[in-house]
Ligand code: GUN
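Quick setup: one chain, the form predicted on its own, written in structure tokens, and binding and motion questions come after.
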Amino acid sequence: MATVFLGTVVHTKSFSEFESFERGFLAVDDAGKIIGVGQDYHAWASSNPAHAKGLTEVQLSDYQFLMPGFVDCHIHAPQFAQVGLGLDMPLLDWLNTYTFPLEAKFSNQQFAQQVYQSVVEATLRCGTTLASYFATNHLESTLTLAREAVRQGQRALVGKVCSNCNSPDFYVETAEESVSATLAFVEGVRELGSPLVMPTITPRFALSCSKELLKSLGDIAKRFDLHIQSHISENLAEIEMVKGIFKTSYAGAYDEAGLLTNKTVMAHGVHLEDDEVALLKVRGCSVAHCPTSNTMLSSGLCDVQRLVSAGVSVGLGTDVSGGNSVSIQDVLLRALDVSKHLDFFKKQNIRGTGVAKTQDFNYDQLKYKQALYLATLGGAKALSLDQVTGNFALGKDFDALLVDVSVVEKPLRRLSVDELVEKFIYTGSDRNIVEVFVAGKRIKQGYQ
């Protein structure tokens, strides 16, 4: 139904540009496209009578506001079944003890259906309107995840994980099997016929794939102009192993395979060297910042300001289940924490793991409005979908959250626009997300 929302509207236009309309409006047509946004609805309606005709008016309360939906640039859907487990281990031990045995179980379609239905429900409940999902090596269960995203109306990139080496015997495939299943998965997603869900080429990480398999995946991505996702420079031990095998940098290993493109998002990037950052910038690649899992698995502290300053696009990722929450709102808070911690380290002249090498003691901490950008438009840009979603620019799909900060506890006074947003971010409760919209369709209504 064509609708105009009347009340407070907020979004970001860039990393440093936050825009808000107090007592503003946002109009959506029958196709779920944004046709008007601004401060003066009556002036817009007078100038656009054809668009304004027949719009259903929705009046927001003083404690409500509209914002773009959250974007999760990196989440392992099968690992939702083990959230909160094994987080006292370093990355490689955690993978072998918990993750690989769990993911091997997704050969069971009934088990896969149960988990994937739950993870899509959970992420939507937390306001994630766009997610970039890793699945498992299994073709059929990965198609189950794609179908579940379509059924529930979530926008998603879905990837069949590829791994033919350095994996346990019970959870590994040959290069030929991986390539064949990847091609079948790409075709299977296209047969679903939904504009919301797309395939993404997904080598688990450089260590899990032979050079030949990485090159084949790069060729597939180029042939079909596909998105690409993987991991990079998450853990120091992992980085040394990659250098030993590929005789180049972590970024170089992917680049030689043709996997660094303007549709590539790499998770973590905690320990990227300066020449790797420069290479990502030249190739147009993005980084999914996963502060929660980087802390939980003791991987290090990623300097987002360093990446942004270098011209690399950055979004946020929950990295479930390395991260302990499917909520991007929670990740947003952890991103602010990490930025503060980096500032502490620099001011104390401490060289902690993952800290940039510069001795700049005037480090610019991440601000909450910049973090909101990373969680919305920055995430959409990182996934090369900012032409479709991420903010409220005219012509984009209406992927949005209706937030009510009075659900948990009603404020004692009326709040300014900035205070409404700040309270929502820092109180960290998904109960404040009362409605979720994807492409103009109401996905969630009321706290669930």
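Residue numbers here begin at 1 and follow the sequence given. Because the structure is predicted, anything quoted here is derived from the model rather than measured.
A second form of this protein, the form predicted in complex with the ligand, is not displayed here; the remarks below concern that form.
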Open item on the list: Whether D72 contacts the ligand in the model of the complex should be assessed with a 4.5 Å heavy atom distance threshold; does it?
Closed with: no
- [ ] May I ask you to check whether H268 falls inside a 4.5 Å heavy atom distance of the ligand in the model of the complex?
- [x] yes
- [ ] Using the partner position in the model of the complex, report whether F106 sits within 4.5 Å of the ligand, counting heavy atoms only.
- [x] no
Task: Close approach of F185 to the ligand in the model of the complex, 4.5 Å, heavy atom - done: no
Task: Triple contact flag T129, D430 and V436 to the ligand in the model of the complex, non-hydrogen atom at 4.5 angstroms - done: no
Task: Residue among H76, R155, H227, H138 with a heavy atom within 4.5 Å of the ligand in the model of the complex - done: H76
Task: Answer option from L95, L143, A112, A253, heavy atom within 4.5 Å of the ligand in the model of the complex - done: L95
TODO: With the ligand left out here, work out from 290 to 298, 304 to 312, 369 to 377, 162 to 170 which stretch has heavy atoms within 4.5 Å of it in the model of the complex.
DONE: 290 to 298
Task: Residues of 1 to 38 having any heavy atom within 4.5 Å of the ligand in the model of the complex, listed in sequence order - done: none
